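We begin with a single chain expressed as structure tokens, specifically the form predicted alone.
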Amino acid sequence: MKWIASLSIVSTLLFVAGCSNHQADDGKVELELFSNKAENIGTYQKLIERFEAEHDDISINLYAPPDAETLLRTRLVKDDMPDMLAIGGSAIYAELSQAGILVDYSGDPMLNGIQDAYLSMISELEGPEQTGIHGVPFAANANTVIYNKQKLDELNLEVPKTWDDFIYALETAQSAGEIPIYFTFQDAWTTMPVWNSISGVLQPEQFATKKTEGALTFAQTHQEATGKLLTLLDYGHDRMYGIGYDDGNRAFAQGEGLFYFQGNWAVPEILTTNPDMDLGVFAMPTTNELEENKLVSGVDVLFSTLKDSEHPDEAAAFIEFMLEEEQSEQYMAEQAAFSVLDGVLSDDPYMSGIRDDFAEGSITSFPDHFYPPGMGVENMVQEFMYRKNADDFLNRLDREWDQIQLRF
């Protein structure tokens, strides 16, 4: 991608000898692990303590600041990079890998057993000019439709498998006086689960690459997606533009709505409010062709090491430790995440509705993970939901994407 490649050149020039390499007074090797997720700090701390107990010559300093990706970009410019990264498979990974500062794990046994779908995702993120695999996928997440099982049973409905099934369920719920979909559009980012569910399936393969090359546009390829989004808005509720994530979780937990568009990460929050709630999840059936409907899933956490770290062996030891079955299982259980390993399926009963999607590899990536950083697509999606002008929305997406490319 042109914009990524250009950033890479700048970043490479700025990055001279970074990495916070330290030898503690007690002789221990100190490594900084920079994470862009705050919600898993507790789990990391427990696993780090276990690692340090087994490796008394290594100390891991976890750093998971607010607004982590902005800070990481600042540290890149200031030549102050950490030894290791625990970040998502998104634009920040693409930027760093294109900057040429990450270790190449091609051929490393740590990649053995990882589902091809996730390796392909991070390879696509790196762009066609880049060779190698510069991160080790560890945990995955998924974009789901969460549903109230009790209400579905009361309405004599089955879990929808096609778009027509889904619309029929919405019509049935609405006729019965239920809220078919409990949308939460007060926060811009909470508009993204439904956008990703629809556009992730309907957009052309390699959309981001082709868009960057000028081979296609949003206006040409996303008309069906915007049409279906507008259809779904008819089944929301009167206050959907005034309800945020936390309030939405609580409302759904208290019985508001049949369906709820959110990622798997919302399930623990809903169950915190109502531990007895009988809920399930499924992949949004965006089309009437069963084989075309896929679960939108992405790399939630990957590990990578900076090339300039003075302690690559110790960093590799930590990543290998995290990939071991005991640590991996604990992380997935505590974070309601999914393993990226072939054949390792979640036994979480709440996730049984997407188990087959993982088993069969019926997965596609989050489309917004491939959008240029700084595009602010979530704000544009939120505005589209409110104004409902599809042509303006798609043209603006094209315009903003192109303008960001021109900056680089």
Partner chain sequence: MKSRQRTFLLMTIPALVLFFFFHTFPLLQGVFYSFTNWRGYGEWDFVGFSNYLNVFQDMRAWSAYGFTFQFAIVSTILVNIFALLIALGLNAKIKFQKTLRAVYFLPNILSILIVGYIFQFIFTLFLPQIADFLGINALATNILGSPDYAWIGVVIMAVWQATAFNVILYLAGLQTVSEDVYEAAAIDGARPWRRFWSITFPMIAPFFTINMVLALKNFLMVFDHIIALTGGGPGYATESISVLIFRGGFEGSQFGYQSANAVIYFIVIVAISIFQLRVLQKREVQQ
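Computed from a prediction, not measured in an experiment: that's the story for all the values here. Positions refer to the first chain, counted from 1.
Just so it is clear, the following notes concern the form predicted in complex with the partner chain, a form of the same protein that is not shown.
Tell me whether R73, V77 and Q186, taken together, all sit within 4.5 Å of the partner chain in the predicted bound form, counting heavy atoms only.
Every residue of the spot touches the partner chain in the predicted bound form.
In the predicted bound form, does D398 come within 4.5 Å of the partner chain, counting heavy atoms only?
Because no heavy atom of D398 falls inside 4.5 Å of the partner chain in the predicted bound form, the answer is no.
Do D247 and the partner chain share at least one heavy atom pair within 4.5 Å in the predicted bound form?
Output for D247 is yes: heavy atoms within 4.5 Å of the partner chain.
Flag G374 as yes or no: does it have a non-hydrogen atom within 4.5 angstroms of any non-hydrogen atom of the partner chain in the predicted bound form?
Taking the distances in the predicted bound form, the answer for G374 is yes, it comes within 4.5 Å of the partner chain.
Contact label in the predicted bound form: M380 to the partner chain, heavy atom within 4.5 Å
The answer is yes: M380 has a heavy atom within 4.5 Å of the partner chain.
Which one, 260-268, 274-282, 234-242, 159-167, holds residues whose non-hydrogen atoms are within 4.5 Å of the partner chain in the predicted bound form?
Only one stretch qualifies here: 234-242.
Which residues, if any, of 132-146 lie within 4.5 Å of the partner chain in the predicted bound form when only heavy atoms count?
Nothing in this stretch is in contact.
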